[in-house]
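Take a look at this one chain, the form predicted on its own, written out in structure tokens.
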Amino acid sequence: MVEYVYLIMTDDGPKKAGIIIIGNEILSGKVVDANSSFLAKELRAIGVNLMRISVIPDDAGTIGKEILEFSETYDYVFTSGGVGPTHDDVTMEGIASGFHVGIVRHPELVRHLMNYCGGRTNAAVMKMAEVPEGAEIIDIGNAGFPLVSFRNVFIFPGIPQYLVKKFSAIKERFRCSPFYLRRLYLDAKESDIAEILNTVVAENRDVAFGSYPIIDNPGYKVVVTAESRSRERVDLSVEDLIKRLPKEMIVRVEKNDNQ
């Protein structure tokens, strides 16, 4: 789907986030990334501005450089992948290198692994207890293995089922003021509405508009979205747009608060 975004919102109040997906298997196409899509939707639902998604290889130097840059730029950083007992699990090493700290075995993770393994461990298993010095452990209750955070970086596993459980357990700590969204389904081409839409966009700078062409749908050809943290501003801008559009173009209008 082709996407045309007419306005990028800037807001110093709500928090901004970046996502880093780590794994050669993603870059090679062996595995399809589901984690960034899940996190993007979840962050939007709780009012966090997702600013950037990066996909990088299992290389400690690259990981360290990318996470350091994200950490300095955004309020929250969410990483996925590169944590585990095997040779290519180098996320912790990369973070430590990027922030110039050492790697230590966290006693809480050691206890967890000892209990999980019934006291029988080896070097590969204990690698999962190694974290950047200064890292914190977040108890996520019955969602499985504890979550590791380092400063404003939250380090998630690459397996989607595990990531979903862990993020769902802590997501409320990131909640900001919500977005309000309305959608207009139009039986028209983008070229038919562009002039009207551009005028409404220019007169409603505090509302983010998007225009999305839909292919092979007999009911409508374009979906226009209007989004803001102010429900009133979204409603007023959409009402303005509806008044300007020919009535026969409008298939339906939907309101989705907090989406």
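In this text, residue numbers run from 1 along the sequence as written. No experiment lies behind these values; they were computed from the predicted model shown.
Below, we turn to the form predicted in complex with a further copy of the same chain, even though it does not appear here.
Asks: Of Val201, Ile46, Leu68, Ala60, which residue is found within 4.5 angstroms of a further copy of the same chain in the model of the complex when only non-hydrogen atoms are counted?
Replies: The option sitting close enough to the partner is Val201.
Asks: Of these, Arg111, His100, His87, Arg105, which has a heavy atom no more than 4.5 Å from a further copy of the same chain in the model of the complex?
Replies: Contact with a further copy of the same chain in the model of the complex is made by His87 alone.
Asks: Counting only non-hydrogen atoms, choose the one of 147 to 155, 168 to 176, 131 to 139, 78 to 86 that falls within 4.5 Å of a further copy of the same chain in the model of the complex.
Replies: Residues of 78 to 86 come within 4.5 Å of the partner.
Asks: Please check if Tyr212 has a heavy atom lying within 4.5 Å of any heavy atom of a further copy of the same chain in the model of the complex.
Replies: It does: once a further copy of the same chain is placed as it appears in the model of the complex, Tyr212 has a heavy atom within 4.5 Å of it.
Asks: Could you confirm whether Val234 comes within 4.5 Å of a further copy of the same chain in the model of the complex, counting heavy atoms only?
Replies: Judged by the heavy-atom cut-off of 4.5 Å, Val234 is well away from a further copy of the same chain in the model of the complex.
Asks: Look up in the model of the complex whether Gly29 has a non-hydrogen atom within 4.5 angstroms of a further copy of the same chain, and give yes or no.
Replies: Residue-level check for Gly29: yes, a contact with a further copy of the same chain.
Asks: Can any non-hydrogen atom of Leu163 be found within 4.5 angstroms of a further copy of the same chain in the model of the complex?
Replies: Answer no; every heavy atom of Leu163 is more than 4.5 Å from a further copy of the same chain in the model of the complex.
Asks: Mind listing which residues of 179 to 198 have a heavy atom within 4.5 Å of a further copy of the same chain in the model of the complex?
Replies: Heavy-atom contacts to a further copy of the same chain in the model of the complex: Leu181, Arg183, Lys189, Glu190, Ser191, Ala194, Glu195, Leu197, Asn198.
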